[in-house]
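Quick heads-up: it's one chain on its own, the form predicted on its own, in structure tokens.
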Amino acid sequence: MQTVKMVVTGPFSAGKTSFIRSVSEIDVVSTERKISTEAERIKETTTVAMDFGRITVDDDLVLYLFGTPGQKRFDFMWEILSEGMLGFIVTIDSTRPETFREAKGILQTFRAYAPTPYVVAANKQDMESAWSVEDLRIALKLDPAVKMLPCVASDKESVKKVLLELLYSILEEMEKK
């Protein structure tokens, strides 16, 4: 059986935990803790080490999803979680332009860890205030070749589309080797 390790990363409150929870076939192993800072206004808990989920694609293929913490103070976990990854997803909250620069920095950091395939998931596309995928691409100064996909992290079908795009990119990369 082939296992594929994928990392789901992005800024604080971008939807990483929701993304993994919406598709995992197991109860997500989560290291969430209550927040005691001003960030509480956005949400009550934060991931402090990682989230872990699993998806069986078929008899021969299992995806392991590792979600990173989004807060800077836990970024020491990023490199640890990136070890052995075959691809990663940068999740962006499309309604919070103040996080776009941080998302770009996280993308560059993970590219430096490993030159693996990646996709960008433009989360919260179901919200009225969400930036369009095209506008996000411009704001993030992303190359047209980078796969950027609309996403709603709480919607299983939406998340599956993002995962499949990354999986196709990983398989393409493996065929080249």
Ligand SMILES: Nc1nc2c(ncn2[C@@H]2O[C@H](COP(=O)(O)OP(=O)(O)O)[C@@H](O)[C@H]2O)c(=O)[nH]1
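Worth saying up front: this structure is predicted, and the values here are computed from it rather than measured. Quick note: we count residues from 1 along the sequence shown, nothing fancier.
Below, we refer to the form predicted together with the ligand, which is not included among the displayed structures.
S.K.: Just give me the single entry in 63, 136, 152, 119 that has a non-hydrogen atom within 4.5 angstroms of the ligand in the predicted complex.
M.R.: In short, 152.
S.K.: Can you work out which of 26, 146, 127, 57 has a heavy atom no more than 4.5 Å from the ligand in the predicted complex?
M.R.: Comparing distances to the ligand in the predicted complex, the residue within 4.5 Å is 127.
S.K.: Whether residue 167 contacts the ligand in the predicted complex should be assessed with a 4.5 Å heavy atom distance threshold; does it?
M.R.: Outside the cut-off, so no.
S.K.: When the contact criterion is heavy atoms within 4.5 Å, does residue 163 count as touching the ligand in the predicted complex?
M.R.: Residue 163: no contact with the ligand in the predicted complex.
S.K.: Can you name the residues of 10-25 that have a non-hydrogen atom within 4.5 angstroms of the ligand in the predicted complex?
M.R.: Residues within 4.5 Å: 11, 12, 13, 14, 15, 16, 17, 18.
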